[in-house]
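In structure tokens, one chain follows: the form predicted alone.
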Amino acid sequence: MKNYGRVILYIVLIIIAIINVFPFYWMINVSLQPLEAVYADPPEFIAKHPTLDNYREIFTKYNFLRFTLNSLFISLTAALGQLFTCSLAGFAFARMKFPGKELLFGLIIATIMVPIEVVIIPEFLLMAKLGWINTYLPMIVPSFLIGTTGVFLMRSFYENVPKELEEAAVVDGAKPFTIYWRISIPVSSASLSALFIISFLINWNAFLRPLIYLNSKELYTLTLGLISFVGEFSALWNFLLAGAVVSVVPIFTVYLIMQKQFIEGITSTGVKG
């Protein structure tokens, strides 16, 4: 009876896996076919004549290489900046004492409940005053300053760092920033890796801010490049899904490289002694 239960469990898991994987398979399958094959009836679940023409077209005619580099620049810059600001804020909230600390932390966490659509108009007016329209600064600077998830993650980690490490540094005359830079940062590599992946993913998939702030096509990100294939009455599905495959590759690569650190950073609740 126990074996039957395990077999049923495996069957259910396989079905769930197929349901989750099939959209990605279909995306790749359509990206390797001409537009006519997309509307074939019955649909071609396996491309009869796979071709890379769609990928060649989006990179040569639609400048997708430039869009990819633009997205990489924004995502990497914003993610690296957030590592510094969120780890610094997390260290301050976890280790330092100052008036109103819990109130300030509560206000920061409360911003999670505020959708970007609520603040985008005053934010746009501010960016226009600063002369940042049609630049990457509106996509990068807010990530430096509003890393709510990152602050929460890093504070939770630093609260579990043994205080003996900090006390030993204080005895040696270390200042708070020295303790943060020389002790806290080295022991938090797993949490920083998790934060980097989260921040990179959020900025890579960002759509609203690039749509509002970027006017020049040469500054477009991948998300804006993808909507260029969608018209009022139809869409170039073969190009659109080829572009979608291109947009997934960097995220998948970053996750594969940092998978172990990401899992450790999310699940860790302390520091191994």
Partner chain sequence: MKYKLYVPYLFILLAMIGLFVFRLGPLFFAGVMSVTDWSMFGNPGFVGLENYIDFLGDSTFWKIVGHTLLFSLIFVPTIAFGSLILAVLLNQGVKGTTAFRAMYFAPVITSTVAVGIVWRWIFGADVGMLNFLLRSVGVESPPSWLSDRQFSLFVVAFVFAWKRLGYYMVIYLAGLQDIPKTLYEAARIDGAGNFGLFRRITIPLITPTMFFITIMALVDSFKNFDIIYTMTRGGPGRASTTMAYYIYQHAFELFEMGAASSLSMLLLLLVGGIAVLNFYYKSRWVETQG
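Here, rigid core means the biggest group of C-alpha atoms that superpose within 1.5 Å across both forms. Positions refer to the first chain, counted from 1. This is a predicted model, so every value here is computed, not measured.
Just so you know, the form predicted in complex with its partner chain exists too; it's not on screen, but the next bit is about it.
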Practice prompt. May I ask you to state whether residue 117 is within 4.5 Å of its partner chain in the predicted bound form, using heavy atom distances?
Written response: yes
Worksheet item: Should residue 246 be counted as a contact of its partner chain in the predicted bound form, where contact means heavy atoms within 4.5 Å?
Response: no
Worksheet item: Is there a heavy atom of residue 189 lying 4.5 Å or less from a heavy atom of its partner chain in the predicted bound form?
Response: no
Worksheet entry | in the predicted bound form, residue 59 touching its partner chain (heavy atom, 4.5 Å) | no
Worksheet item: What residues, if any, in 108-126 have a non-hydrogen atom within 4.5 angstroms of its partner chain in the predicted bound form?
Response: 108, 111, 112, 113, 114, 115, 117, 118, 119, 120, 121, 122, 123, 125, 126
Worksheet item: Taking the rigid core as the reference frame, is the Cα of residue 13 displaced by 2 Å or more between this form and the one not shown?
Response: yes
